[in-house]
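Below, in structure tokens: the form predicted alone, a single chain.
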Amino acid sequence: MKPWMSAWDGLDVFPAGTPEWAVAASIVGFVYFFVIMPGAGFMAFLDRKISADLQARIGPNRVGLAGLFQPLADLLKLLQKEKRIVSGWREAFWLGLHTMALYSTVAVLPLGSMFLLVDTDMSAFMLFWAALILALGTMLMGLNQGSIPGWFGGIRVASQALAGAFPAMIGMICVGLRAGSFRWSAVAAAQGSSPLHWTVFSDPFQFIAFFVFLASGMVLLGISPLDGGLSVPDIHGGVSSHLYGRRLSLFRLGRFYGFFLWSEIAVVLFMGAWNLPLFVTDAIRNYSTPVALEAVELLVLLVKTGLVMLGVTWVARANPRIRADQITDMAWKVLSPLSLMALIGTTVWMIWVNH
């Protein structure tokens, strides 16, 4: 077993002698089909319910209990739609980039103390690569549509991605300074289960770094209300104006995955990750199996991630969409200086604490 793949070896759910590639593929498939796909449907349901409550109207209530299966019904309707045009090499190229970014980061996601498929000092930086690839694929899709809305939407997506990447990177570096490493295991070990021991509340500068990291990710990935590059009213849909059927389903899944990815990483970096109280961890280890401990840790992590996503969704639905030029101005003129201030402050704080 390779050292960088040994973190999840303690789960002991595969027969002895199973090839490493088969184990890795099984874990990636499990995460994608049993965590990301159901999470996308559930968050789509909550998004529509929150929007309906804020607008004083009735949300989904017919398909399933209280409309719970409405996202599944919408997906099935989209998949039944036929293509109007023949796909060319440009669409295949975009789909290849999009799929590569979508699947590659599943292997890097930190989902528990024993569910770390890749735990190296470069794991956290892989996320920026994937986010930029997602932005690049979205930009290429818009530029190759042969339409003005698609072209302008692609340019806006690219400008937002560049503006959001810098402050987000600086915010993550602040966490690495405190933890002494960028390994997921080290970042989680530097925190505790109590909010008082989370990175976000460890000092004032980490709180600023958390705000910058979360907001910059919304700029980088075009998460509402900072999604001017994907705006429907002013550029008639932007990069999504010509999407339909399976292409639209893939596009929406990619946008949700980017949202989930960034929220989950924010939880791991700043909000205690999957840490449980010590007596709970000891009790599970003494009276149950490692699989049960991992399941509880995964549940705690997903609950925190869901709360962050709900908070962002509530803010997005309660506030108007911001123009693309205002978003980039905010990233360069507000978030970037704040990130540098947080980095300098964290450095001084760590020197003062160590002495």
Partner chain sequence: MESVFTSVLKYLREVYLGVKSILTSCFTALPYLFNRRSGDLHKEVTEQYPDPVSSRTADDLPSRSRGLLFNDIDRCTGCKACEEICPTKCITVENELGTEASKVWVAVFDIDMSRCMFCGLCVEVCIPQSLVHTKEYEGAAYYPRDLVISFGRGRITPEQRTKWAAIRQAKEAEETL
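On a predicted model such as this, the values are computed, not experimentally measured, just so you know. Positions refer to the first chain, counted from 1.
Below, we refer to the form predicted in complex with its partner chain, which is not included among the displayed structures.
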Tell me whether Leu54, Asn61 and Ala318, taken together, all sit within 4.5 Å of its partner chain in the predicted bound form, counting heavy atoms only.
yes
May I ask you to state whether Val334 is within 4.5 Å of its partner chain in the predicted bound form, using heavy atom distances?
yes
Under a 4.5 Å heavy atom criterion, is Ile50 part of the interface with its partner chain in the predicted bound form?
yes
Taking 4.5 angstroms as the cut-off for heavy atoms, does Trp314 touch its partner chain in the predicted bound form?
yes
So which of 300-308, 326-334, 286-294, 26-34 is the stretch with heavy atoms within 4.5 Å of its partner chain in the predicted bound form?
326-334
